[in-house]
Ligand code: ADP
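Presented below, as structure tokens, is a lone chain in the form predicted alone.
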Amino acid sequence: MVVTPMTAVAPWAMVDLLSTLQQCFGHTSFRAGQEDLVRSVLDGHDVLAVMPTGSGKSLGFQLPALVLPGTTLVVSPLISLMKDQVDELNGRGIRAAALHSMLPSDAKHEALTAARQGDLRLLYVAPERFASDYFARLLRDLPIARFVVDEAHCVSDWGHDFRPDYRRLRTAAAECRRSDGQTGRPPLAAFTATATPEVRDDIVDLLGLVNPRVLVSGFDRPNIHLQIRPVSGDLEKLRLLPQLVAGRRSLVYAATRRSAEEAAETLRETGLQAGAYHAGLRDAERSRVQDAFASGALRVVCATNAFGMGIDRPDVEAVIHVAIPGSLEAYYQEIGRAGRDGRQATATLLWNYRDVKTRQYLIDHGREELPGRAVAPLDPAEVARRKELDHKKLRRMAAYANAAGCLRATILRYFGDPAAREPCEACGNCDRRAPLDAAARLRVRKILSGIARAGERYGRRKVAAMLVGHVEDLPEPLTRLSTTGLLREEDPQSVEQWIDATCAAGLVRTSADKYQTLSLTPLGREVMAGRVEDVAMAVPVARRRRVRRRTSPFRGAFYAFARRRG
């Protein structure tokens, strides 16, 4: 996809946007990238905006809605998200309304009447509305200024929260009437914070964007310190959790409803204010927890992924994942709730490989549904395809958790951000960079020798298997090298982590193709030969031996918690 450069011939170029920004939103200046986004939407071109959480991308459609004739239609995936934005807009004197399943019939009728009469600047709609023929007919009567798709990654199979109803939006937009009287559908603007290059291509294709202006802001959130903390199991997680929260305003993400409840109970036992939030709670309890956190009355929420998309609290100081999320996209979005006021914040993942098994179980046996939304039934073939995609995304997330290199650079490279660099000096792996001692240097030289002896033609798994002497499934040339079995006392996965660490230290490079073959850099050759000994590296954390447990990963925290209480 080609990123379209900005032009300076927009018909709205003379609009006093700063004045509107200050009068209606109380801001004296735009944040980075906001003004280009606003003018792109006003220009009447289709737009795809990829901007990080907390960058203020919603202004990209809210401000144009005040300038353009007609109503701006906003497709939004969560009722809580719609409610928060509509309440905020109405509080600023901007006429806005929402249509969703939990709205009373008279309120729905009032919102549609106001939209028909042109009294609404913004109308928020859940994607499930477009499955109704009745709603589609009503939509044709509305003068639409812009058709906005928020959380646009939901249209893509590779997006972390695929929503089948998003596939209806291309047809729905084509049936809308433009408020400016021109022919064709209204201009379409898609917004997301979590889109890799492949997801961006999907969004353009599946929503039918025509020659879109693609505006991609940097993904980096430099004020968030990233760290991975290996743990032995659920007992250690519960022991560490109060220390990681430490009285700070925090979000704690868990994989299951039970583990969210247990995390909240653990924190309350230490005297911390904490509430649980998940799809199994009553609507009133979810609303109570969400409102208390948003108002500041509740400092910590322990939640499944049902929580967070509609939360705009700027002073979250810590985001802790007590289990691995299902994808890097989900992880990036969830940690993006931290530090939105620009202050220093931390994002900690408590990492144990058994949690991958829990996620695999959730993928294979059904995932928790987010409250306030319906999920369309899928045929068995589509279910199988979706599960395979989810397993692939989980493997990518596990690779991040195991990364020996810079955590920030790993995320930025995943999202295709050219600003990725390492070391970043603001993540746990970079913090651990230190000169190697003699034993570590020798291990590194053996690994570099193995890559060289293998002809720099193989990837990390085959090289690691060769070095530890696991030759059963290896190509014949790798079974009889002088380096075969050179690290036979090591674990293959441990050697793979050391290989990753040599890549992060600039000693080894991987090819850009799908094979990701390893080759030595000039510096790597010097280290292998012993001519350079001053090498700094983040030494991989020693892997804990996995202990067989009689309890399931779902119940482990519960029994540990019960034992602690005596």
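A quick note: this is a predicted structure, and the numbers were derived from the prediction, not measured. The first residue of the sequence shown is number 1, and the count goes up from there.
Heads up, the form predicted together with the ligand isn't pictured, but that's what we're talking about next.
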Among 495 to 503, 65 to 73, 28 to 36, 528 to 536, which stretch sits within 4.5 Å of the ligand in the predicted complex, heavy atoms only? 28 to 36
Quick one: is residue 198 in contact with the ligand in the predicted complex, heavy atoms, 4.5 Å cut-off? no
Would residue 58 show up as a contact with the ligand in the predicted complex if we use heavy atoms at 4.5 Å? yes
Would you please decide whether residue 540 lies within 4.5 angstroms of the ligand in the predicted complex, comparing each non-hydrogen atom pair? no
Taking the ligand as it sits in the predicted complex, is residue 88 in contact with it (heavy atom to heavy atom, 4.5 Å or less)? yes
